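One chain comes next, on its own, written out as structure tokens in the form predicted on its own.
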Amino acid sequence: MRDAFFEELFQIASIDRDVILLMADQGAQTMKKFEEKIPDQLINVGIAEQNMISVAAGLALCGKKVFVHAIANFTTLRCYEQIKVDLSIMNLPVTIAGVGAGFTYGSDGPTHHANQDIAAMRAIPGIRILNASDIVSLSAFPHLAYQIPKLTYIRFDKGNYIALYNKNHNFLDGMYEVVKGTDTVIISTGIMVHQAVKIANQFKSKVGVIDIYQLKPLNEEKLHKLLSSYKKIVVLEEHLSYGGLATIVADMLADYSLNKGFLRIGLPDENIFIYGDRNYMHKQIGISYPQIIKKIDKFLKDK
């Protein structure tokens, strides 16, 4: 997924010399093209993410179209004040690309887990938050950020996942009903959408799936329309349940006075001191496929 993003960004930068990529010593195979063909448009600031954001602000003030890249947890939480002061308050259209959403770096421990970043970045005024669920969506995001410039945070995984979308999909709506259901809908984001689709197939046509790939600003009108045919809502995420997608959806339900059954399935309100791959961590936390099936099955049977 990471190479897909930077391949698209390289194509954009090859045409527009004002596009600059800053990275905090976090490489990708495609970045070699930047180094070899447009080296003046790539700056490695080293492991200094806070400085990277301030450099990005300076370049943006000079008219450059700036993209910055580092591990998601470091380019958001570590740089929070710089993002707030140097980018948001200054209203600068810098794009922050964070690799390692959720438990991508599960074996590296809680310092590398990006499971609080959505909650934190939502509080930044004027920011757009995009979360990729497949290569197609991630390939579209640098074009969206370039064509509609504003302060943007793009989070993504570095694994390989089957395509949920085709190349002609319009990502401007911010969400899509990937699977249509008749009774209950699972709302998810990022790579957890794949888990949601697998679970929906288990319940056949009874359960649908909505992928919200633009978390902020939320397309409330579109979501309201999609939810009109469902009685119950499950929010599935690899993020703290409070502050992330579940809170985004709950806020919308409250604002629109929608009274529907609601179930959060996400991470507990605690630091996760579990080391291992994603599947192992999900099982230990309680969000593995069979554990989610049990929770949703019980939720469907409850009145």
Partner chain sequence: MLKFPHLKDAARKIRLNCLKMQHIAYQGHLGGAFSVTEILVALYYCGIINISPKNFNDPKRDRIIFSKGHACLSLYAVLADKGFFPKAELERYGQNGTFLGGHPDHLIPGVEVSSGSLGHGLGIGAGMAIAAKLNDQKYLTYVILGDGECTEGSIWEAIAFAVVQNLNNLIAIVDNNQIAATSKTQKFVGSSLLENKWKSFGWDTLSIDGNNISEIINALKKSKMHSTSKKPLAIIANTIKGKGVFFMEGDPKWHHGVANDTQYEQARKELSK
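Computed from a predicted structure; not experimentally measured. Residue numbers count along the first chain shown, from 1.
One more form of this protein exists, namely the form predicted together with the partner chain; it is left out here, but the text below deals with it.
*Asks:* Of 30, 241, 26, 51, which residue is found within 4.5 angstroms of the partner chain in the model of the complex when only non-hydrogen atoms are counted?
*Replies:* Contact with the partner chain in the model of the complex is made by 51 alone.
*Asks:* To verify the annotation, which of these, 116, 139, 195, 82, has a non-hydrogen atom within 4.5 Å of the partner chain in the model of the complex?
*Replies:* Contact with the partner chain in the model of the complex is made by 82 alone.
*Asks:* Classify residue 148 as contacting or not contacting the partner chain in the model of the complex by the rule of any non-hydrogen atom within 4.5 angstroms, answering yes or no.
*Replies:* Residue 148 lies outside the contact set for the partner chain.
*Asks:* Hey, in the model of the complex, does residue 254 get a heavy atom within 4.5 angstroms of the partner chain?
*Replies:* No - in the model of the complex, heavy atoms of residue 254 and the partner chain never come within 4.5 Å of each other.
*Asks:* Verify the contact flag for residue 123: yes if a non-hydrogen atom of it lies within 4.5 Å of a non-hydrogen atom of the partner chain in the model of the complex, no if not.
*Replies:* No, residue 123 sits far enough from the partner chain in the model of the complex that none of its heavy atoms falls within 4.5 Å.
*Asks:* If we define contact as a non-hydrogen atom of the residue within 4.5 angstroms of the partner, is residue 157 a contact of the partner chain in the model of the complex?
*Replies:* Output for residue 157 is no: heavy atoms all beyond 4.5 Å of the partner chain.
*Asks:* Indicate whether the candidate residues 55, 86 and 90 are all in contact with the partner chain in the model of the complex, with contact defined as any heavy atom within 4.5 Å.
*Replies:* Checking in the model of the complex: 55, 86 and 90 are all within 4.5 Å of the partner chain.
*Asks:* Choose one stretch from 35 to 43, 233 to 241, 246 to 254, 272 to 280: the one whose residues place a heavy atom within 4.5 angstroms of the partner chain in the model of the complex.
*Replies:* Selected range: 35 to 43.
*Asks:* Out of 137 to 163, which residues reach within 4.5 Å of the partner chain in the model of the complex, heavy atoms considered?
*Replies:* Going through 137 to 163 in order - heavy atoms within 4.5 Å of the partner chain in the model of the complex - there are no hits.
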